[in-house]
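Below you'll find only one chain, the form predicted on its own, shown as C-alpha cells.
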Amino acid sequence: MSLLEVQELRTGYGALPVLQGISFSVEEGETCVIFGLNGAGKTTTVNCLAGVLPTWGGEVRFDGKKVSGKDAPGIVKAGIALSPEGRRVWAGLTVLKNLELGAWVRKDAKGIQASIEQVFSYFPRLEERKDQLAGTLSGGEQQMLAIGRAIMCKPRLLMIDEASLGLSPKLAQTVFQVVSQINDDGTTVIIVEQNVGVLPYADQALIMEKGTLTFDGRGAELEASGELRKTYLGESEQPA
C-alpha cells in the first residue's frame, strides 16, 4: 500500500474545472516531483491534496485512510503539510514566532523545541535571524522559513510548491539539497517544480499538462532520457 493514493481526482475554481481526473501514488520515504508549465494544474493538485480546494470527484487516501473531503486543518492533523507557492510567511512576526505557529497542531513543548532546533540545523541562516521580522528576510530566506514552518507540525508527507521560484541557481540547489536531507530523515516529499535541476533528487517524476498527467515514471528515467525531457519539458537535448 502506498502512503498517498490519488484516484481520479477532479477539482477546479468556481465553475472552472482544472484537474481532469488524475491518478497517481507516492511511496513512503520517496521524493516525488511534479513538473509542468504554468497553468498545467500543479499548484491546483497540491492545494486540493492539502484541503485548500474542495475535491469535486475522485478520492485521496493517506496511509490507507480517506482524507479527501477533509478541510485544511484536518489534512494537517492527518499528517500532510504544504509549503505554499509564494512562501506566505507572516511578515510582521519574527522567524522564531513563524516556526512556533507552524506547530499549532502539537502540544509537546519539548518536542516543538527539538523541531525548531532541527529546522535550524537544516537552515543555519534562520537561526542567525530568529529574532528578525520575516518580512525583512531575503526571498531565499523566506523560502527556507516557509519550508521550516511546514515541517514544524511533523508531517509524514511534506508538499513544497515551487521551491526554487525566484532563487538563484546556487541557492535553488542548496534548497534542493536540504529537502533531500529532510527526505533522508524520514519525511516523504512532493515538490512542485519547473526547474529540472531537482531531477537528481526525484525518486518519482510526474509531468502535468492541462489538468492531466502525461508522464508518471522514475526520476532517473526522465533525467537520463534527453528525448523524454524534450518531449515533456520542452527542453533541448544537451550535447554529449
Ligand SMILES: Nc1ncnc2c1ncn2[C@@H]1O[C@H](COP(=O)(O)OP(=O)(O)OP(=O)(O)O)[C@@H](O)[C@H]1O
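From a predicted model like this one, the values you see are computed outputs, not experimental measurements. Residue numbers run from 1 along the displayed sequence.
Heads up, the form predicted in complex with the named molecule isn't pictured, but that's what we're talking about next.
Using a 4.5 angstroms limit between non-hydrogen atoms, residue 194 touches the named molecule in the predicted bound form.
Using a 4.5 angstroms threshold between heavy atoms, residue 39 counts as touching the named molecule in the predicted bound form. When the named molecule is considered in the predicted bound form, residue 18 lines it closely, a heavy atom lying within 4.5 Å. Although the partner is absent here, residue 85 lies within 4.5 Å of the named molecule in the predicted bound form, judged by heavy atoms. Distance criterion of 4.5 Å from any heavy atom to the named molecule in the predicted bound form singles out 43 from the list 204, 43, 183, 55. Only one segment in the set 170-178, 43-51, 62-70, 22-30 has residues whose heavy atoms sit within 4.5 Å of the named molecule in the predicted bound form; it is 43-51.
Contact annotation for 139-168: a single residue, 162, has a non-hydrogen atom within 4.5 angstroms of the named molecule in the predicted bound form.
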